[in-house]
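Given next, in structure tokens, is a single chain: the form predicted on its own.
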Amino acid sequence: MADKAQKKELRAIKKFNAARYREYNKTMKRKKVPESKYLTRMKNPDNIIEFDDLRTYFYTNVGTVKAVDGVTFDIPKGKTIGVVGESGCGKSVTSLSVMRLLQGPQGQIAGGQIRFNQQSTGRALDLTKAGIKEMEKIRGNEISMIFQEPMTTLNPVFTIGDQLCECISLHNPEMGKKAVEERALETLKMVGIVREGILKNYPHELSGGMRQRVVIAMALSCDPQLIIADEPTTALDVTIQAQILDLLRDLKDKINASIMLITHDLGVVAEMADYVVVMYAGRIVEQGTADEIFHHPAHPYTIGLMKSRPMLNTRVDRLYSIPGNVPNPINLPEHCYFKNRCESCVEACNGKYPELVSLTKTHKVSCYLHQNKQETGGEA
């Protein structure tokens, strides 16, 4: 009887997914999308990106994975936003949604908006509805991404010069071959690589730090408005890590860009970020300025992350770790997702998922411990 019910459920899931795949393929086949479909207005013209109730789902054979489920936050011009949380909380999927690089038809943006303030044209675009041709103009040109692992980001069978010059020539078709190479060398100098012969090298001939610098050079080659840095210092030693962070900070100021910094390292966030967004199980549980998050953390999850850090001049037998595991992203409960791991749980936590409330104009938290502390007239 149980097997029959399970088979029926699986058939229903496959039928639902097939409908979503057909809709996705139909959308992707559109050759030209009218501007009226994706033109929008920014809520605040001082923002470069506005996430508004973004929902990104993966339709699998065992159910719908709600990787990002109702995320709302802004990235102001010229500022650095740090996005933190455990593995699988939706950080990288949020960034891939901006770039529209989700692996479809399984991965799709199911709802919400990503409003982009395009400085070159003075328009505001909803990236969730923009056509592929429009996104190809934006990717790498106005919004660029530094991916997690430089060895897998760079193609092993092409030289550094081939890959870097391709990016520049694609977005600047009027430039000749010599001008493109000069721009590539100029960009490499910006990231501290002065050896011209590197253009003829293959990725495996470079150290991890050098490869990461090349990846950053590719991301900055067209002077983007927004740089998405997804774990830019992963697998690098602390000396190279410090150099990369200093490099990103200096380059951001030089080209007046904004940075969306995704990392597990709270030390990196404390050093780099102006604002911090804490994610858990596809939702934002807390957000605020770096000072508010590090000196006045409000959500038990954020407090747990802070306690998990090794501290100087403090001797402990064992580092603190948050008990339990992240919940299964399929069929998530109606109540707070952190409830079963929380050490400060109250009776209200058994109810519906807590709303995001404002503690100050910039500090928001989604927790029943603070539902009655909301600042009157508080804004994001």
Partner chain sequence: MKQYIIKRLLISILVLFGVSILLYSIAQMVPGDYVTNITSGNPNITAEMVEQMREAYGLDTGPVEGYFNWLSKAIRGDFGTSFVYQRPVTEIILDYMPPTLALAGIAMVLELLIAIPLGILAARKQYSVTDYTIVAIAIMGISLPTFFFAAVLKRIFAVGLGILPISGMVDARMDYEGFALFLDLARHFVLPIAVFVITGVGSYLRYVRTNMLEVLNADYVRTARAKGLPERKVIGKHAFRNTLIPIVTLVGGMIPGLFSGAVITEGLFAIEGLGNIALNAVYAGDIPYLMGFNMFIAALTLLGTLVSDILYAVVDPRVRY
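Just so we're clear, the structure is a prediction, and the values are computed from it rather than from any experiment. Positions refer to the first chain, counted from 1.
Only in words, not in the display: the form predicted in complex with its partner chain, which the text now covers.
> In the model of the complex, which of the listed residues (Met260, Leu248, Met218, Val277) lies with a heavy atom within 4.5 Å of its partner chain?
None of the others qualify; the residue that does is Met218.
> So its partner chain isn't shown here. In the model of the complex, which residue out of Ala179, Ile303, Leu170, Ala242 has a non-hydrogen atom within 4.5 Å of it?
Only one listed residue qualifies here, and that residue is Leu170.
> Among Gly70, Arg115 and Gln118, does every residue place a heavy atom within 4.5 Å of its partner chain in the model of the complex?
So, no: the whole triplet misses its partner chain.
> Does Gly122 make contact with its partner chain in the model of the complex, using a 4.5 Å heavy atom cut-off?
Although its partner chain is absent here, Gly122 would stay clear of it in the model of the complex, with no heavy atoms inside 4.5 Å.
> Would His204 show up as a contact with its partner chain in the model of the complex if we use heavy atoms at 4.5 Å?
Taking the distances in the model of the complex, the answer for His204 is yes, it comes within 4.5 Å of its partner chain.
> Would Gly131 sit within 4.5 Å of its partner chain in the model of the complex, counting heavy atoms only?
Gly131: no contact with its partner chain in the model of the complex.
> Would you check, heavy atoms only and a 4.5 Å threshold, whether Thr153 touches its partner chain in the model of the complex?
Residue-level check for Thr153: yes, a contact with its partner chain.
> Out of 305-313, 187-195, 291-299, 131-139, where are the residues with a heavy atom within 4.5 Å of its partner chain in the model of the complex?
Of the options given, it is 131-139.
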